[in-house]
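Just one chain is shown here, as structure tokens, and it is the form predicted on its own.
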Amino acid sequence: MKKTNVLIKGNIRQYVMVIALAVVIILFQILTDGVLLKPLNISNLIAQNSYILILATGMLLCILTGGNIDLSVGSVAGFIGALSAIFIMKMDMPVLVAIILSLVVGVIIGMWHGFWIAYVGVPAFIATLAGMLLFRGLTLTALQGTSLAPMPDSYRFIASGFLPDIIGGPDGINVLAIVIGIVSSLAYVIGQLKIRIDKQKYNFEVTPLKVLIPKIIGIIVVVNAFTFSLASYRGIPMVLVIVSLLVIIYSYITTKTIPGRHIYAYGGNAKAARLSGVNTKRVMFWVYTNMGFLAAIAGIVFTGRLNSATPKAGVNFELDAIAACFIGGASTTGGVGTVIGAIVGGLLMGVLNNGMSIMGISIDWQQAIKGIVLLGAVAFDVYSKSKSK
């Protein structure tokens, strides 16, 4: 019992945010008379929040380096969306070439920010604030105040398409989605068992079975209910595949690789990390380079969903991404946070937005409520730290 209490206390942020997400979903499911969890609305919920989840994944790495943020991501996403539309519609580039070139530009923008922050020593807040103004201005200039639309079907497929049901099944049911849910559940179980066996091999503390088994069963139920709901509509959205791959890749990078450990070490104590041999300048440079890459992906996804490149695309995206990270358990001082936590925070914000929209609550009150939620999450982080000292 003592070990269980220590385990729960050590992961209190993650448990609280997951519970909060579940409570919010149940609450809005009741308040919206069941509309929230209808297959069509779930699919829309994924599409509406995909670009924020992508940005939150990159923003988390910035925050981990010591509470730094990137204020430019919304402007960069808007600029890349506009650039890709210009490549395709005005320069007649093939869609794939335009997307690859746009991603390369996103990486270069990230390297630009990383250079000023890591090697020149400009504070991240100032460097990215300058980037926000710069790329917002370039977006307006490139589009000349007008929108470019419509985008080609192959471009829109990234944000609005669905995986085809190659297996085949009864009308109205996407069997591939159900199979993906089952395979994902098996992969999760195998992964959890492998982690447990590896920890036991080195005599590390493991999660008690009375905690682990209900956790695994609960996640399996949620995953399969989710994929079955999607199967009842049109199947797995392509953008969900992109987000899932990014979550898996970045979760692995942050927890299983040396660069990931260096990011946490830098955020925990930059001076100690430097004395331990961590190249802190390189860490900061690549974190912001990566943020530029993910902002480019988010910009392409948003433009594809909107089916248009607009001068105002990306406005306030950075605020939603930052809020998702802090609500998901990232520390304001850096060194603490997980990719999964950022995704949970993003989903919580997305469910709040979607649920309140269904209920007809005005955008003004939606902003106010999100502000209160963000303040509460950060206050909880501060309170948790004060209790642990």
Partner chain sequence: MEKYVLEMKNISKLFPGVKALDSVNLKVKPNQIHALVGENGAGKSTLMNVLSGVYPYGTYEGDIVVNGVTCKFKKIKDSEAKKIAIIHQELALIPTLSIAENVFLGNEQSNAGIIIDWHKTKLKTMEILKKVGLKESIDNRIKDIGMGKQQLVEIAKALAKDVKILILDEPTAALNDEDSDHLLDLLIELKKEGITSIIISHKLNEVTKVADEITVLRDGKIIETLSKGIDEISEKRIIKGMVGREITDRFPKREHKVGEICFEVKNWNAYDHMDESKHKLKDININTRVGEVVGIAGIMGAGRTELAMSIFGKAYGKKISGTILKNGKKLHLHNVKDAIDNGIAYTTEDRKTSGLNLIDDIKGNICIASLKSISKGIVIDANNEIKVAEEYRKKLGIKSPSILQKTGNLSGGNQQKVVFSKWIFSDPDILILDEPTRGIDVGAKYEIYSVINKLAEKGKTILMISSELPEILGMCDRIYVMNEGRIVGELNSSEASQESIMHCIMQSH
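The structure displayed is predicted, hence computed values, not measured ones. Numbering follows the first chain given and starts at 1.
There is another form of the same protein, the form predicted together with its partner chain; it is not shown, and what comes next is about it.
- Between the options L96, M91, L275, A187, the residue in contact with its partner chain in the model of the complex by a heavy atom within 4.5 angstroms is L275.
- Checked against its partner chain in the model of the complex, the residues R136, H262, R156, R234 give one hit for a heavy atom within 4.5 Å, which is H262.
- In the model of the complex, none of the heavy atoms of K210 sits within 4.5 Å of a heavy atom of its partner chain.
- Among heavy atoms of G268, some come within 4.5 Å of its partner chain in the model of the complex.
- Although the partner is absent here, V336 is a contact residue: one of its heavy atoms lies within 4.5 angstroms of its partner chain in the model of the complex.
- Of the heavy atoms in K215, none are within 4.5 Å of its partner chain in the model of the complex.
- Picking from 290-298, 170-178, 276-284, 234-242 the stretch near its partner chain in the model of the complex, with a 4.5 Å limit on heavy atoms, gives 276-284.
- Looking at 177-209, the residues that come within 4.5 Å of its partner chain in the model of the complex, counting any heavy atom, are D198, K199, Y202, F204.
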